[in-house]
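Just the one chain here, the form predicted on its own, laid out as C-alpha cells.
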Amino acid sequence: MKDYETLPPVVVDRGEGARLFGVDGKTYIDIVGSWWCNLLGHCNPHINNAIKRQLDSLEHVIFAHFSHPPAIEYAERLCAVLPAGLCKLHFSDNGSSAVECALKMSFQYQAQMGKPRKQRFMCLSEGYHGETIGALSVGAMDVFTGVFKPLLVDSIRIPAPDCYRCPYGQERASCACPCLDAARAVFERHADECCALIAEPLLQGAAGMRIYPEEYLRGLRALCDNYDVLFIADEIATGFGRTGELFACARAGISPDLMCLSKSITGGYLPFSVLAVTQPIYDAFYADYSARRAFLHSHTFSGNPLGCAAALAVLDLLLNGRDGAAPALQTARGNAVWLHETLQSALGGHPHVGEIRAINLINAIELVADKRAKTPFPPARRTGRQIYKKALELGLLLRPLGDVLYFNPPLNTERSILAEAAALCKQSIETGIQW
C-alpha cells in the first residue's frame, strides 16, 4: 500500500473493448485482460444485453432444491463442449472456491471408494491455485504462502518444468520431457497416500506465464491413471479460449477427472465458477440420505442467474459470433501468430529480453540482466515495476509478474490495437528504466 504514496491508483470511469478510460480523461489499453478475466472486451454489447434481459426476470434464487432456466441451459451447453467424460457440474462463485470444492470432493471421493489412506495432494512447484487456505496449500509460491505455512495442509510438490531455464539443457522445439522423470519418482514414493494431483494445464500463470509442453501434461495424466490418483485441471486462467482451444486440456488431447473453471467464464463481468466432474465421481456421492455420502458444500451465490446469463453470452460469442462478427475463438487463432511475430520483431533483439514465449494470444516477455546466461535482475531493483509505471504514462496497462511482462488481451481485440500495444510496450521497455 505504501507504493500508492508515489503512484496513486488509477480511477476508471468506463471501458469499451480493450480500452479503459480514467476519470481524468486518460485512456489505457487493457492488454492484460484485467487479471486475465476480460475475455471479450469491456462493456461488450451482447453480454450487456444478456444480463439486462435476465435482470428483468430474476436476479437470484436459492440454488438448493430450486433452479432456473439460465442455469439449466448453461449446464447443458457447457457439458456439450467440455473434454470427454466431464458431465456433472458444481456451481460456485470464484476460482478459489472451485479449487476448494475440487480438493474436498477428491478427498471425500477416495474415502468413500474405500481408500481412506489417500489423504494428501500433489501439485507442481511454482503453481498457483488461489488465496483460500486449501488453495494456498496446493500452491507453491512463497510470496503468497510463506507467512501462512503454519495454517496450510502439507502437500507434495513435483518440480515443475521450466522450459526457459531447462535444467536438462533441452530446447522447446525438440524437448522429450525428461522432467517427467521427477514426477514419476514422486508418484512412486507418494501415490499411495495421495488422493489427487492439481495442475494448471500448459500454462503456469502467476509463475510468470511459464508454458510447458503438451507431452508433459499427457505424462501427468498417464501417471494419475497408473497410480490411481485423481487429476484436477485448474483451468481457471486457461479456459475459454485463452490457449487457442476452448480448454487447454484439449490441446494435449487429455481429459481430467475434475476441472475448475472461472475468470473468463462470464467474460469478466460477474463472480462465477464451475467445477466439472466425471460420472464415476458423481456416482460416489449418489446414495440415500441415510448413507451420509452427500457432498455438503455450497455457496450463497452458486448458480446465480445473472452469472449464468453472462456465461451463456460468452459461449455464444466464443463459438458462434454475433452481428456478423466471426467467433472470437477463431479471431484469436487468426491473430495469435501475427501478434507473436510482431512482438518478436519489436523486442526479440533487445539485450535484456531473454525470451518471448507464447500460447495463442498470451505472450510473456521475460526480462533478464544477462541474456546469454539468462541471469535475472535483482528483485530489489523492481525492473518490471519501473516499466509498468512508464507504460501507464504512455496509456498501456502492462502489469508485470515480477520481471515478466505479458499480453493476455481480450480474444476479439483488433490488430490495430494489438499493434499499438506492442509499440507502447517497446517504448516502455526502452525508456522506462536505465539499463
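Residue numbers here begin at 1 and follow the sequence given. Bear in mind that the values here come from a model prediction, so they are computed numbers and not experimental data.
As for the form predicted together with a small molecule, it is not shown, yet the points below apply to it.
Visitor: Name the residue from H90, K263, R242, R210 that puts a heavy atom within 4.5 Å of the small molecule in the model of the complex.
Guide: The residue from H90, K263, R242, R210 that makes the contact is K263.
Visitor: Considering non-hydrogen atoms and a 4.5 Å limit, which listed residue (F377, Y388, W36, Y28) is close to the small molecule in the model of the complex?
Guide: Residue within 4.5 Å of the partner: W36.
Visitor: Does D257 reach the small molecule in the model of the complex, with heavy atoms at most 4.5 Å apart?
Guide: Result no; D257 lies far from the small molecule in the model of the complex.
Visitor: Can you tell me if G139 lies within 4.5 angstroms of the small molecule in the model of the complex, counting non-hydrogen atoms only?
Guide: Outside the cut-off, so no.
Visitor: Is E100 close enough to touch the small molecule in the model of the complex, meaning at least one heavy atom pair within 4.5 Å?
Guide: Looking in the model of the complex, residue contacts with the small molecule do not include E100, since no heavy atom lies within 4.5 Å.
Visitor: With heavy atoms only and a cut-off of 4.5 Å, decide whether C249 touches the small molecule in the model of the complex.
Guide: C249: no, not in contact with the small molecule in the model of the complex.
Visitor: Look at the stretches 153-161, 122-130, 108-116, 182-190 and give the one with heavy atoms within 4.5 Å of the small molecule in the model of the complex.
Guide: Of the options, only 122-130 has residues within 4.5 Å of the partner.
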